[in-house]
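Just the one chain here, laid out as structure tokens, in the form predicted alone.
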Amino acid sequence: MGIAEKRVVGRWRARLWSGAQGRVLEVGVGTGLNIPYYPPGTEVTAVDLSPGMLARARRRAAAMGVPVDLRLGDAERLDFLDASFDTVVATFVFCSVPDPVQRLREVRRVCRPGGRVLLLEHMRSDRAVVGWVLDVLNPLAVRMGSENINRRTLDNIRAAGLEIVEVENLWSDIFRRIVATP
């Protein structure tokens, strides 16, 4: 991901994060690849399930001098009150978690009415042949990297009760930037 991150994905992250404002929750912070894109003036809380990933994110935030409240947490049961955040952001999270609809319901719960949910995801293509190929390759992809390449993420977002406001195809219709509201 190093070259792709620097040349392509980093621009996608910057575009996604440009829409974040106010009190922000990042779900699935991982090693902190989004930290350089946190907008000035936002108050970011970030959660991850892995203590090892959080340790790397802490080092990255400290090295960059970026203030962020990093917490251990599972998106299945977020430890925040309802409507706690103005913006919730996740990048490449809902392709790898069990029960993405439940986790998206939690995202909806903690995002205030009128707030924004910003997602950067890869998903199953709507094009029949490409979608079929992704379906065939998915078991191998999961074994190799634990990410599903054929999730129907837009359907999952709707099933969680979120309203999709905008979808931008970033690379074909497989990588997309999604804006939703609770």
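Everything numeric here is computed off the predicted structure, so don't read it as measured data. We number the residues from 1 along the sequence you see.
The same protein has a further form, the form predicted in complex with a small molecule, not shown here; the description that follows concerns it.
53 is the sole member of 137, 64, 53, 130 with a non-hydrogen atom lying within 4.5 angstroms of the small molecule in the predicted complex. Only one of 70, 33, 154, 118 lies close to the small molecule in the predicted complex, with a heavy atom inside 4.5 Å, and it is 33. Although the partner is absent here, residue 91 sits close enough that one of its heavy atoms falls within 4.5 Å of the small molecule in the predicted complex. When the small molecule is considered in the predicted complex, residue 75 lines it closely, a heavy atom lying within 4.5 Å.
The small molecule is not shown here, and in the predicted complex it never comes within 4.5 Å of any heavy atom of residue 126. In the predicted complex, the small molecule stays beyond 4.5 Å of every heavy atom belonging to residue 110. Residues with any non-hydrogen atom within 4.5 angstroms of the small molecule in the predicted complex fall in just one of 137 to 145, 110 to 118, 22 to 30, 36 to 44: 22 to 30.
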